[in-house]
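Just one chain is shown here, as structure tokens, and it is the form predicted alone.
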């Protein structure tokens, strides 16, 4: 039996026979068979899981999120008490994960860029130091490095009463690093908003400067203008808000410090470990991206009289970014996912808090689903942003 289709103008189109010997029918048949098999496997797994949960009288569902957590969290961005719900506890875990991931991505990018450029330096000592750093960090397991940094912060510093004080108001002890912060004031929120406005305005200034240079050939100090907007607008808001200068200084009370901002040994060890480890990989990506720029570009820039600094900023790095961005996206994702190793050194990230939750409630499937959903959402958000940025800097064909 054959199925035929008529083309335009009365011409007879290609026919498909209902036989496995026909390539078109065979392709459709196997695709349907594979999809059907996948659906059957998923259905069997779900039904078998629900049956086993029912037999063992294990509760299912998401009602546990509204129950009282009953455990304390040693470090959180938002207030949390044991009387709060499991949903708030998981929110604290997500925020703690984002806290270390976002700051880690920024610091690892800066560190990796400088080390990658340093490996290409003509100074023998600088290039060798950077090479040793890259090889050392990339060839040691991250978990081992986290244990090392955690032990360093725990054992290298004395107790609170003998805390090191390198500068007034800053204390290093085995309880963490204490630094002073501005005292609470309503103007600080408006200063943060003004900083964001300044950064956005800096983007528009950059676009205007490029258009101006294309038409007139005159350069504009975009960097200093952007810095002025990002810092100047919050300064103006601070002045109009009464120019508050009160500080919350840490002070030793009893057996520990009170006041100020605390960087716990667990958070510091996790952040340093992630930054130094990922920075080694980013350094190699930056070095490869710079080497991918044709040598003729640097010769042309030198012929125009550009010095090494402006040459790197205006000619080499903008072209190298097209090679750097795709693999660097993978390193950003790796850093975010590697933050789950925080459970090994006691930092209360999402995995640690979710583990405590599922141990208390017995609802492992829901707990693991929360972890998977959170990491998937964060990773996809990073991928979407980096892919958007990669398209913006890609060469446009005319």
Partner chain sequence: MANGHAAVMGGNAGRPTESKAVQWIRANLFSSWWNTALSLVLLYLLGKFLFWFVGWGVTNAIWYGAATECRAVKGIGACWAVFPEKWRFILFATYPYEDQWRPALSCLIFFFLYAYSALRRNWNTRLPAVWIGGLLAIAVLMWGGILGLAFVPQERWGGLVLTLILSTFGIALAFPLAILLALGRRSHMPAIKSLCVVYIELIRGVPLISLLFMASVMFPLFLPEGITIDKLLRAQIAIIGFAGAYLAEVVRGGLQALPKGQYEAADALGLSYWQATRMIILPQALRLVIPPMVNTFIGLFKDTSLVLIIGLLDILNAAKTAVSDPAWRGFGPDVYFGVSLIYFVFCFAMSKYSQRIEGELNKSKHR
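From a predicted model like this one, the values you see are computed outputs, not experimental measurements. Positions refer to the first chain, counted from 1.
One more form of this protein, predicted in complex with its partner chain, exists but is not displayed; see below.
Just one of 239, 246, 78, 125 comes within 4.5 Å of its partner chain in the predicted complex, counting any heavy atom, and that one is 125. Of the candidates 231, 196, 151, 252, 151 is the one whose heavy atoms come within 4.5 Å of its partner chain in the predicted complex; the others do not. Within this chain, residue 323 is remote from the site of its partner chain in the predicted complex, having no heavy atom within 4.5 Å. Contact between residue 351 and its partner chain in the predicted complex is found at the 4.5 Å heavy atom cutoff. Residue 144 belongs to the set of residues with a heavy atom inside 4.5 Å of its partner chain in the predicted complex. Shown alone here, residue 99 lies farther than 4.5 Å from its partner chain in the predicted complex, counting heavy atoms only.
Taken together, the three residues 35, 365 and 368 all come within 4.5 Å of its partner chain in the predicted complex, as judged by their closest heavy atom. In the predicted complex, its partner chain lies within 4.5 angstroms of at least one heavy atom of each of the following residues of 30-45: 30, 31, 34, 35, 38, 44, 45, in sequence order.
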